[in-house]
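Just one chain is shown here, as structure tokens, and it is the form predicted alone.
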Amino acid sequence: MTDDKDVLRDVWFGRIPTCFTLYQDEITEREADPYYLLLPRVSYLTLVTDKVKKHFQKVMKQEEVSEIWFEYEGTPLKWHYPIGLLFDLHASNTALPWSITVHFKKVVELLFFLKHFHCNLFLVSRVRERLLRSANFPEKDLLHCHSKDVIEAHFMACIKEADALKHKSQVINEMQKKDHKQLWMGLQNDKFEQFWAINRKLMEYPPEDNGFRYIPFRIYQATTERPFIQKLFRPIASGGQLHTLGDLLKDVCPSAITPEDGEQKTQVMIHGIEPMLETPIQWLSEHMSYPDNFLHISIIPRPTD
């Protein structure tokens, strides 16, 4: 890969000022103050919010505390999407700090009442099943995340998928287990050098190839319920010229750059900026992919004011 280390550092150390507030219907013993945090764009919400969880747990009864989840203006935030993608997709044109609401999936006290009075175990089980179905965790929108092992498994699955596209899995399969662990620990501990010492291998390719086999990318649209668009796309055209971001969008999501009435109504965002459509997609993949090795591209409405 070309050595633009300053770009890699700028991407890695991107931060979003964020204000966390507890959902108004959560049961607390006293008023909960908001909690402020600089969120790393390249990480995941459930990986960097231990301090947020501990802060709000101080004002809650322990029996009311269970799985934490987050929402922004009524939209549940998917923990398995990188933080920067979530912000670009849902809040990029709003004032800072980013206001995120914190929820805890409730454990209803009735269960403790039933157990305390030695009710029939079958009855307890049936009541628990019905209560969990009616709990406020948005089952249709979010995956459960009970531990950091779940985040690690998701992260490594994405890296393996990306390398299958770039190198037919040859690079990731040649790595040792400790290399995989170093990638994860570098992300978890926010260690740029530790992460890139290994990730650099995933960004290399034989000189005669001029680029990856295919570009790992996903395109997200704020105005559709479709999770994302993903297809095979080569960085080099059959004639040898470099494909650009504009070429990718024309092929995969033409509405993003070819408005019907001639007025551009959308923005194309990667890591909070609008890259030039003439930028080679190979360069973007090497320098502006998230740690999972995917280019996460947001298509959002352009502000009208």
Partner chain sequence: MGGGDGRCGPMSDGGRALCDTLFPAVDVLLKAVGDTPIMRTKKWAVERTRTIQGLVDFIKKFLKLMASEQLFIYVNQSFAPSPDQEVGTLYECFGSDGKLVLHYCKTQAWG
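Positions refer to the first chain, counted from 1. Because the structure is a prediction, the values reported are computed rather than measured.
Just so it is clear, the following notes concern the form predicted together with the partner chain, a form of the same protein that is not shown.
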| Counting only non-hydrogen atoms and a 4.5 angstroms cut-off, does residue 232 reach the partner chain in the predicted bound form? | yes
| Distance check, residue 169 to the partner chain in the predicted bound form, heavy atom within 4.5 Å | yes
| Hey, in the predicted bound form, is residue 267 touching the partner chain, heavy atoms inside 4.5 Å? | no
| query | Does residue 253 make contact with the partner chain in the predicted bound form, using a 4.5 Å heavy atom cut-off? | reply | yes
| field | Contact stretch among 82-90, 183-191, 217-225, 196-204 - heavy atom within 4.5 Å of the partner chain in the predicted bound form | value | 217-225
| note | The one option of 165, 77, 102, 151 with any heavy atom within 4.5 Å of the partner chain in the predicted bound form is 165
